[in-house]
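Okay, so here's just one chain, in structure tokens, the form predicted on its own.
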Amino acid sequence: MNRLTSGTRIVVASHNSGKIREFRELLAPFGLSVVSAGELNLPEPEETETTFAGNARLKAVAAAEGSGLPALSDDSGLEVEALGGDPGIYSARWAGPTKDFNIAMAKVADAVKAKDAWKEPGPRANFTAALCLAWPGGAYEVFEGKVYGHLVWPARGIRGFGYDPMFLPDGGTETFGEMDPDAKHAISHRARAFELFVARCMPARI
């Protein structure tokens, strides 16, 4: 896999404003020129794979081929032990067509309640993120990270995005929705996958 170099233009293969913002913050120290798939009017491919890694690859390869640029994608989600790993790769779909994660979090809370799993300190859960860097021509590499913790309800905090306000990482006192972004970036599933990506593919920090 080729390494990226400072000044390279790279596509973040997402239309999710929260993910794009987080990727821009993570990529900022490396001197890359970041553009999103939405800014390039690239379509969102249907996520037909059965794993986070598979869907990340699908999105990155489509963006690289559509733009002629290297593309970085993410497929991530919440896995709740009491729900057999759901919502998992369907985490975004639980938010419905309007992508309202208040709806998604309520669905998770109700599903956990139906399993009688709201017992202290809360049901075990983890976030998983798979990052894929793809190049025009089809070459790609995938990096995966996880962070473990448990769920809280009602949700707490207005920072982050997605299911962040109901996830309390192990050893923490604040949910991802309450944390300062820098604190979240230091331990999140996406940050852990990003560390592997940096070691393999990124230029030196500027």
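When you see a residue number, it is the position in the sequence shown, counting from 1. Just so it is clear, the structure is predicted and the values come from calculations on it, not from any experiment.
One more form of this protein exists, namely the form predicted in complex with a small molecule; it is left out here, but the text below deals with it.
Only one segment in the set 62-70, 23-31, 135-143, 159-167 has residues whose heavy atoms sit within 4.5 Å of the small molecule in the predicted bound form; it is 159-167. Mapping the unseen interface onto this chain, K19 counts among the residues with a heavy atom inside 4.5 Å of the small molecule in the predicted bound form. Not displayed here, the small molecule is kept clear of A111 by more than 4.5 Å at the level of heavy atoms in the predicted bound form. Proximity of E49 to the small molecule in the predicted bound form falls outside the 4.5 Å heavy atom cutoff. Among residues of the shown chain, A92 is one whose heavy atoms approach the small molecule to within 4.5 Å in the predicted bound form.
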